[in-house]
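What follows is one chain in structure tokens, specifically the form predicted alone.
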């Protein structure tokens, strides 16, 4: 485990040394933006550290309402709700919509928050092969007498793959199913306006698609949110015991979210720069004969069949002043991963050094295809 001695940017401090940082999920480089820090500092001076109450009692502030308005504007939806952790978003949606479905269909590599969020009294839970819409349709046909709900990650956190949402949505419409997209890694990254996977597939605003999202990755802040029509958001507010009983987001977190949602709307060049950096890295990894994925996302995995190779590469990066972790994550995988993440803040020199060090390791150890 890495113990940080600084905030996360394209460089970090660790054991009194500076390292180039290709880890985490700070995709747009906003987590330490100086203007965000100023806004957060002002919010502490005005409101303190904690509102110390639930939203339903005395915990709602003007900045909470402003944040929800900013998020609904960013998502081009009628309303939004914010809550303590993005991990809870799938649970909030799955519980709020529970009267509308009796069977769940999830990708076999679904994020743990999806599995944890399925209500305990839903007995029909089906897993389709990873990103395999033919298998998904077979399962939907087999259980077509049930009221169906499909749930998938938008961008898969370990592999950087994009779910084939256009095909999944076609099946959802064909079988009259509800569709939930966990867009934690896609919000702020995919789509012309950064609205996530549905926008990427020209499905922004399509009926029966719900997104659970977070401010802790591309948005550089913290906390989960759901943006949808007013009726859906009001249903979550009224039904969710988690929302009604948990303490409101603290002022500094709310201020950070308010800053980032406005900032990314004004600066689409960040997404363009991020995409360029991700392509640069992925092309370099492939050019070295190493096994990775093909999508345009900022998550660039290197796959190994042996765990010791992944750990050795991660250690070699660190010995050469670069942090890239080997991943031991609670998702079903038959391969081991060194997970490179790109940021809009990475420089060309940083990326070239990353690929140079990777080539040196490859020349010594061979490729992951060997």
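Computed from a predicted model, the values in this text were never measured in an experiment. Residue numbers count along the first chain shown, from 1.
Below, we refer to the form predicted in complex with a small molecule, which is not included among the displayed structures.
The small molecule in the predicted complex comes within 4.5 Å of a heavy atom belonging to residue 86. Residue contact with the small molecule in the predicted complex: residue 111 places a heavy atom within 4.5 Å of it.
Residue contact with the small molecule in the predicted complex: residue 281 places no heavy atom within 4.5 Å of it. The small molecule is not shown here, and in the predicted complex it never comes within 4.5 Å of any heavy atom of residue 248. Contact with the small molecule in the predicted complex, judged by any heavy atom within 4.5 Å, is made by just one of 157, 77, 209, 97: 157. Only one of the listed residues (140, 236, 190, 184) places a non-hydrogen atom within 4.5 angstroms of the small molecule in the predicted complex, and that residue is 184.
Residues placing heavy atoms within 4.5 Å of the small molecule in the predicted complex fall in a single listed stretch, namely 214-222, out of 269-277, 128-136, 214-222, 238-246.
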